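Quick setup: one chain, the form predicted on its own, written in structure tokens, and binding and motion questions come after.
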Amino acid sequence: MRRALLARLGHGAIVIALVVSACFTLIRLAPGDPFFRDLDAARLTTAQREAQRAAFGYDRPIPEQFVRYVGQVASGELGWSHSRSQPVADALAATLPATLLLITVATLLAFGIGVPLGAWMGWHAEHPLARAVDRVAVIVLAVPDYLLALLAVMGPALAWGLFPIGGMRTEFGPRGLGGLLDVVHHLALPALALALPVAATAARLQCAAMRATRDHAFVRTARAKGGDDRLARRHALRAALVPVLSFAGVHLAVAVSGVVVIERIFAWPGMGRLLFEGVLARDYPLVAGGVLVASIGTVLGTLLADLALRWADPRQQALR
């Protein structure tokens, strides 16, 4: 187990290195640089801009810049954010908790709704309500994530006034328990918009797996032992969790890209919104640092999903 875990971490380190290398190169190949807006606004002359580029090493070849960046990261430095005028580590530390809160709540909602609902649908596949829920799940999956978010803003937020339009908390709002409830109120719509497509996918996967599992011999044996339908369902559910847990690992890998859109629409002060603004500003260190943190989180999340997959089905050699 220890050797497999180390091998898995080694593979993850290679993935992180490749992702950061690709991002580092692509953003530097894009037009512009961290100082192009200052030049457009006549705050910097061309000579001043070139001096700034030279001071930060942006006039050097990309491979040389990358080696320099790797040395900075190895020494614990993520660089200086030009758009935020602060260290990249400080900018990420200020926004990462909000993103982790949004992703965690959305993931719990998605699988907390999708898995039980899909298990019920699969166990009662012939029930008309199960078929109706399956059609609704297909409709949810057919709607793009950003459109769901916009509909949430235009409906419950703007038209009905039930939820705040954006942000994480009310300015000059309450503190203590009232402040916590205020954050929950702001969190509800973005978390739901992020969770719904994942819940629909998890429900359909769980439904298909439950239908395939309920007629297996071990489920029939569990029924025959005592005639307890709940015991049979429990045996079937654990085996049927395998495809959903595999999907959970993929979900963690794409959650970062999805959260960028959601945070932008709902003005959620998280890392996804920060990276979006960093890309627009060509803030090289900020984008590279954000991608590095996101890649590490994705690798760790996938590893946790593999461990859960091994628990659900020991025959699965998830850590190889």
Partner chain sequence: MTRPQRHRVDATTLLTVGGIVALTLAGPALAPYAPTEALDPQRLAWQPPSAQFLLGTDGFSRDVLSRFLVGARHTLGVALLAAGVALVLGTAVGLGAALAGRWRESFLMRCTDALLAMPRLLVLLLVVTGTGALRLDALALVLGATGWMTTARLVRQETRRLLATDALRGAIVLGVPPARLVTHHLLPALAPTLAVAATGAFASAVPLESGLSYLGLGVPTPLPSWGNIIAEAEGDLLRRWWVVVFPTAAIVGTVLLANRVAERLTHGDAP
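Not measured: the values here are computed from a predicted model. Residue numbers count along the first chain shown, from 1.
Note that the form predicted together with its partner chain isn't included here; everything after this is about it.
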| property | result |
| --- | --- |
| In the predicted bound form, the residue from 101, 250, 184, 73 that sits within 4.5 Å of its partner chain by heavy atoms | 250 |
| Listed range touching its partner chain, judged in the predicted bound form by heavy atoms within 4.5 Å, from 191-199, 112-120, 149-157, 176-184 | 149-157 |
| Its partner chain contact at residue 128 in the predicted bound form, heavy atom, 4.5 Å | no |
| Partner proximity in the predicted bound form: residue 303 to its partner chain, non-hydrogen atom cutoff 4.5 Å | no |
| 4.5 Å heavy atom contact, residue 57 and its partner chain in the predicted bound form | no |
| 4.5 Å heavy atom contact, residue 288 and its partner chain in the predicted bound form | no |
| Partner contacts in the predicted bound form for 105-132 (non-hydrogen atom within 4.5 angstroms of its partner chain) | none |
